[in-house]
Ligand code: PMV
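Encoded as structure tokens, the following chain is the form predicted alone, with no partner shown.
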Amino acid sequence: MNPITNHVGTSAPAKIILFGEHFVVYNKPAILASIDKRVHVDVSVRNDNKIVIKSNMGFGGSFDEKKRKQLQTKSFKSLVQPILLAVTDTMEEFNASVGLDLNIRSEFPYGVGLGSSAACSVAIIAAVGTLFGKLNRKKICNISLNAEKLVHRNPSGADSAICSYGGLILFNKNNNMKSINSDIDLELIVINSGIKRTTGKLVSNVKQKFERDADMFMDLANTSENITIQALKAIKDKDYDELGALMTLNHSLLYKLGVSKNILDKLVEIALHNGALGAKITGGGGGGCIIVLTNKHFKNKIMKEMKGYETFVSKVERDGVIIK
């Protein structure tokens, strides 16, 4: 199939997991939000069969068909691999094969629990798909799962869903996702510990814990489910104090699961000591970011105490993937 246009621009949002990370893989509910940081993608058709990638995320290169096949046989080491997979999967959807220039610009770092791989794949699939026709959000989300499996090994699909649809969602691996209808004004401080990690390895470590002691693990999983259900009510009631307390409780649960680190616990403690309503890991843990719920009276104080760490304030982004 020939392209119907030669250039497309798209973007997809970063995400945070408010409640339920890790346990969502075991069919427990999670609450996710898209935030106002984005990955921007521009795709143009080339006159040869190469896929040329440029990015501000530390990867790129020129890949002919031979190089692409070689990368397919290697284990995940760079975001360039799932990006190439997202491109080829999308072209196969339209029975198309062309060369492409991809320019990728992210407003947030990768490898810190903010959904960089999902945002990249969703934005790329939307862009490449629009070159040849039209893909709805459900199709974009489904195609991105192959790329996510390469990065995360056994993903729940939650990251692909939130980056595709945006807003606030309640996600269950078997029952899929539901939008959370709430006009809650959710402003969060995001603090990057500076420690990058591979989510796939963390997911595998958690799986080993489950296999070693399933009863203990399911006790934690059931507690996570109860916290998430209570958090859903707090969001709908706009009860910020309750929401903050539940976030901190969720962090304690992730500590028991073994996915926290001393630096993450330290950042959570600093936030709470300086007036935060709640604080927790977001994403896989092992490094990455924490999120802090606060109010206007303590926001600046908390951010001042986080000197030396990348810190920004973010709100829930209601839009998912956007075709410009």
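Since we're looking at a predicted model, the values are computed, not measured. We number the residues from 1 along the sequence you see.
Form predicted in complex with the named molecule: not shown, discussed below.
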{"query": "Residues His22, Val25 and Ser156 all lining the named molecule in the predicted bound form, heavy atom within 4.5 Å", "finding": "yes"}
{"query": "Region of this chain that lies against the named molecule in the predicted bound form, out of 282-290, 63-71, 36-44, 50-58 [heavy atom, 4.5 Å]", "finding": "282-290"}
{"query": "Partner-contacting position among Val203, Met177, Ala234, Leu249 - heavy atom within 4.5 Å of the named molecule in the predicted bound form", "finding": "Val203"}
{"query": "One residue of Thr90, Thr199, Ser164, Ser224 in contact with the named molecule, assessed in the predicted bound form (non-hydrogen atom, 4.5 angstroms)", "finding": "Thr199"}
{"query": "Close approach of Ile17 to the named molecule in the predicted bound form, 4.5 Å, heavy atom", "finding": "yes"}
{"query": "Sequence-ordered list of residues in 260-275 near the named molecule in the predicted bound form, where near means a heavy atom within 4.5 Å", "finding": "none"}
